[in-house]
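Quick setup: one chain, the form predicted alone, written in structure tokens, and binding and motion questions come after.
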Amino acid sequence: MNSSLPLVAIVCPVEFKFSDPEALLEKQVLAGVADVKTVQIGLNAPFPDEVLTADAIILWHGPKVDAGVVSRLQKCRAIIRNGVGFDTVDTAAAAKRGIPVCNVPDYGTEEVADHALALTLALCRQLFPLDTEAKQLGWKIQVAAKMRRLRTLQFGLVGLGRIGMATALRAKAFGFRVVFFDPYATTGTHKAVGIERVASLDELLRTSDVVSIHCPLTAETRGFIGEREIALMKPSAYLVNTARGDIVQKAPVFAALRAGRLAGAGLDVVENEPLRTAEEAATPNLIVTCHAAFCSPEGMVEMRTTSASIARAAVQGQPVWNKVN
């Protein structure tokens, strides 16, 4: 390591198995511009000096960069979240220190949209119950009454950002009638992609056969799909979440599934993930994947290259992009 060069610290929680601890890809992007060091710490552990003195920080998942951490950063020029969500960083505190917080919002667009449709198809076509029945050497198709014709169904998106729009186009291609609710979407967006806009979240929940979550986790959206919202949905409807677990309150969803007040749920993310009890895991008509919707080798290369490129610009005093504060 050349101590005369700026330092880019890649911070990973020890609970996360980083497949490239030598950060060879990041070192390639930052060659001759900065030294790169991977630092693994516990989710609640204090940040070591090698992070607090870094010229740029790249964050994998946690740990949280709160106001206290931000106040101790000595010469940080950028905090880059390796992913879409940036709720683990106190963006306001960073802004006060003049530190840009950046994310990588587009690396997993295709993967997450594909995953949302995969969960939807598995629910609407009852793939997992059929798989279980076939492997028990049965062939009665006991879930036949639950299998739906997609072209008769309404697919409702909560949020129409990059991933929401990609999901909308996929759902449209499968023949769903696609609607969305997003108070921040530009007027006329629905016309550009040939879908319909509804006036309220309540209207979308009442009328949709599939509700797919695609909004960021913010103070406004944290827990905003709860008992009241679940009660508005049709008993025959499906809930899909590939955004952030804390947007959807877990308890009322699981209670509705157990009581038959909701036909099914496909969750790549859950509140307070992962699942915590055998009872949660045994919830009927529930598909859970491992916060893995973003995963693909191609997506990982794109994400890491982008975050390293932003760090390169930051340590060279150049403008950064994907700034969220």
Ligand code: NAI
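The term rigid core refers to the maximal set of C-alpha atoms that superpose within 1.5 Å between the two forms. Computed from a predicted structure; not experimentally measured. Numbering starts at 1 and follows the sequence shown.
There is another form of the same protein, the form predicted in complex with the named molecule; it is not shown, and what comes next is about it.
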Even though the partner isn't displayed, in the predicted bound form is Asp268 close enough to the named molecule, meaning a heavy atom within 4.5 Å? yes
Proximity of Tyr184 to the named molecule in the predicted bound form, heavy atoms at 4.5 Å: yes
Heavy atom of Arg244 within 4.5 Å of the named molecule in the predicted bound form: yes
Taking 4.5 angstroms as the cut-off for heavy atoms, does Ile195 touch the named molecule in the predicted bound form? no
Students should find that, of Leu275, Val70, Leu286, Ala293, the residue having a non-hydrogen atom no more than 4.5 angstroms from the named molecule in the predicted bound form is Ala293
Picking from Pro100, Gly161, Pro129, Pro252, the single residue whose non-hydrogen atoms come within 4.5 angstroms of the named molecule in the predicted bound form is Gly161
To test your reading of this chain, name the stretch in 146-154, 219-227, 118-126, 202-210 whose heavy atoms come within 4.5 Å of the named molecule in the predicted bound form. 219-227
Along 89-127, which positions have a non-hydrogen atom within 4.5 Å of the named molecule in the predicted bound form? Pro105, Val112
When the two forms are laid on each other by their rigid core, does Phe176 show a Cα shift of 2 Å or more between the shown form and the other one? no
Quick check: Phe86 between the shown form and the other one - does its CA shift reach 2 Å or more after fitting the rigid core? yes
